[in-house]
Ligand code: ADP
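Read the single chain below, which is given as structure tokens and is the form predicted on its own.
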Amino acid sequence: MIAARSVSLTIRGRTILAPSDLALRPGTVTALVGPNGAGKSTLLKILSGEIRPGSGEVAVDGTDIRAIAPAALARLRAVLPQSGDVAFAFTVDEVVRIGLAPGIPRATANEIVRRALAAVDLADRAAQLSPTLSGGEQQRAHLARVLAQLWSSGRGDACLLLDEPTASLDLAHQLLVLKLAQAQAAAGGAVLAVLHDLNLAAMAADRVVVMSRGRIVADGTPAQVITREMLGAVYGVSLGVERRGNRVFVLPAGMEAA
């Protein structure tokens, strides 16, 4: 489990993240939502150990993240950033291999890469140069790299942190990514995904955390959190919200400023 306690970040006098607590629960998918500039990516980067908070601490399985060596941390959590530009003309196969844990047998490595590419629907692109892929295909190649990291880590319950993983994908591949996130949760991992599509969040997540102006302002099940009142207060729009059983939907018809 990854847990942030009272983490905050201030840059040049501007509060990017107010003191916040967030614990990612094993076996669940948490969607982190909110407007642009709300602090979502900052919080994810603090949870991953990429940046240090100005105050507070992050613990992984009870250990301060600052005390965990990078190689050990890579076995406990995997991160898919918003963008993953490749500076050199690597093939897709080579990009995926970057995620592999060191020292695993070649046959095992080859099988993991094959599975990861198949999982993201790029099995036929292994030999293609990564820069020649479309934006969405490149994003999926990096997701395959993250899967290779997870599957070669020796920890089936490793945490998975995804920053806007569906941003440049078509609908079919958005659903594919969310199914992979749910599969990692089903294996015992804690999953956090920054999402902008509230309907995707409601469909895939067990828990929705809403951020606004650097603060966590709501935390609960999709049905508890995604309401007309929240949309008006946080996003400044008036949208319909419909419920069917335990499911909740945001309706675009009749959109107007709140």
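From 1 onward, residues are counted along the sequence shown. Because the structure is predicted, anything quoted here is derived from the model rather than measured.
The discussion below concerns the form predicted in complex with ligand ADP, not included here.
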May I ask whether Lys179, Ala183 and Pro222 all come within 4.5 angstroms of ligand ADP in the predicted complex, judged by heavy atoms?
no
Whether Arg12 contacts ligand ADP in the predicted complex should be assessed with a 4.5 Å heavy atom distance threshold; does it?
yes
Answer for Gly39 alone: is it within 4.5 Å of ligand ADP in the predicted complex, judged on heavy atom distances?
yes
Val241: heavy atom within 4.5 Å of ligand ADP in the predicted complex?
no
Does Pro35 reach ligand ADP in the predicted complex if we count a contact as any heavy atom within 4.5 Å?
yes
Per contact check vs ligand ADP in the predicted complex (non-hydrogen atom within 4.5 angstroms), the hit among 185-193, 229-237, 39-47, 198-206 is 39-47
